[in-house]
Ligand SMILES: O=C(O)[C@@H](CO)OP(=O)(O)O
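A single chain, nothing else alongside it, follows as structure tokens in the form predicted on its own.
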């Protein structure tokens, strides 16, 4: 686009990517599958409507897919127009690209399977790894036809226009405006529901860095490698004599910050659906209450001391699931929210189980240990949850955008935690502590494999949540209570826990729900048919997103 009036022309163009959809919430590719908005997606659309109330629009172009139609309806009141309502045009050329074999696949699985660069190539151009669907040229042709035949003429008539569509359609229109060649294309990371004004596209694109964006994705998807690198760095520093005793309060701060960033990306608004799921409640009651208390009672009956292997094992059985488990679920192709439900419920259960275990296994200073464990395990997760829930209510677009873009920061914060605790590791205690640590890491995976639900859409999340205990919080509890043996075992446990994560990546292939699984329509609220032109195909948009059921 060129000419003296280009800036004035573009100042009348607005583009909106639809609000968060059910596929977005589980990190899967919707393409032309008609995924509805989540509860947060509707809040995001309402936020856009409030932010642009009073602005006059002459024409609104909308994709017929439900998530775009609902977004436009909430912003412009399509179904109940007033006298000043804009003309609404439903245009099928604005539908998202048909991604063929990539449809309903986990983005993280595809990134691990094909590499970050090849995944970006498939999504923003063409790749032999994606079969069927539309070629990039087919997508480009239909969007360019809309751009030339509808959008530009409306802008040249002096109309104020808004396009409500999808990520890759909006980004393609940005390419046309910027006159970018195809080989320079890459993910602009346009957040859900952010309204992008045409004359600000140059500055928006200027803030994106293709290489760094791919590095950030690599850190999240390959977090086991990053964690293991942190372990190696900490151990090498320790061997070199760089011994450092870090304040447990600093470690706690790192854990809180990582928890907040991780939860910013999770669909917390639909938490009740998963927290009240009977299968999840049964799993948590058995795994985090009955099992550790029964084991601790046996330890007490044997009269084992608080530093014995059996007593330490009892503590780890009572340890709630870690926030890391949510990142692992996302990267392995899980539903994420069921894992969050277990993180939250197991943290609440820890108030009881930690109290019982510490009371049965410790012979002194039980009350301070119980108070510290409750504050650091239950308190951290609950406080992070309440804070992020509030942030997502007040600023739904910005909070979700921050969490999505800064997932790598949470990984790096936990890596810093690992490096710092490894610098205080007692290397001379390898023979005393390492076998126990390995036994705990392997044993917890066996327990998770036995207790997970079979052939269920949440099977992978069950396994993930039970496999990744909050070793970080055990380190903090041990440091604050002065339990040296427990602290050393906890630090040593980080090594086999993350080394075995490579096994988890292989094992997840047998647990993850395949994209062609017949249960996906019910899980994601997908209709069996495409929406009629100009009408959404979903049910009442006020209903919450559909819970995962087998």
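Numbering follows the first chain given and starts at 1. If you're wondering where the values come from, they're calculated on a predicted model, not measured in any experiment.
From this point on, the text means the form predicted together with this ligand, which you will not see here.
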property: Options 263 to 271, 455 to 463, 235 to 243, 99 to 107; stretch whose heavy atom lies within 4.5 Å of this ligand in the model of the complex; result: 99 to 107
property: Contact label in the model of the complex: residue 146 to this ligand, heavy atom within 4.5 Å; result: no
property: Residue contact check: residue 140 to this ligand in the model of the complex, 4.5 Å heavy atom; result: no
property: is_contact(residue 31, this ligand) in the model of the complex, heavy atom dist at most 4.5 Å; result: yes
property: Distance check, residue 445 to this ligand in the model of the complex, heavy atom within 4.5 Å; result: no
property: Candidate from 401, 175, 166, 112 lying within 4.5 Å of this ligand in the model of the complex - any heavy atom; result: 166
property: In the model of the complex, residues of 56 to 78 near this ligand [heavy atom within 4.5 Å]; result: 67
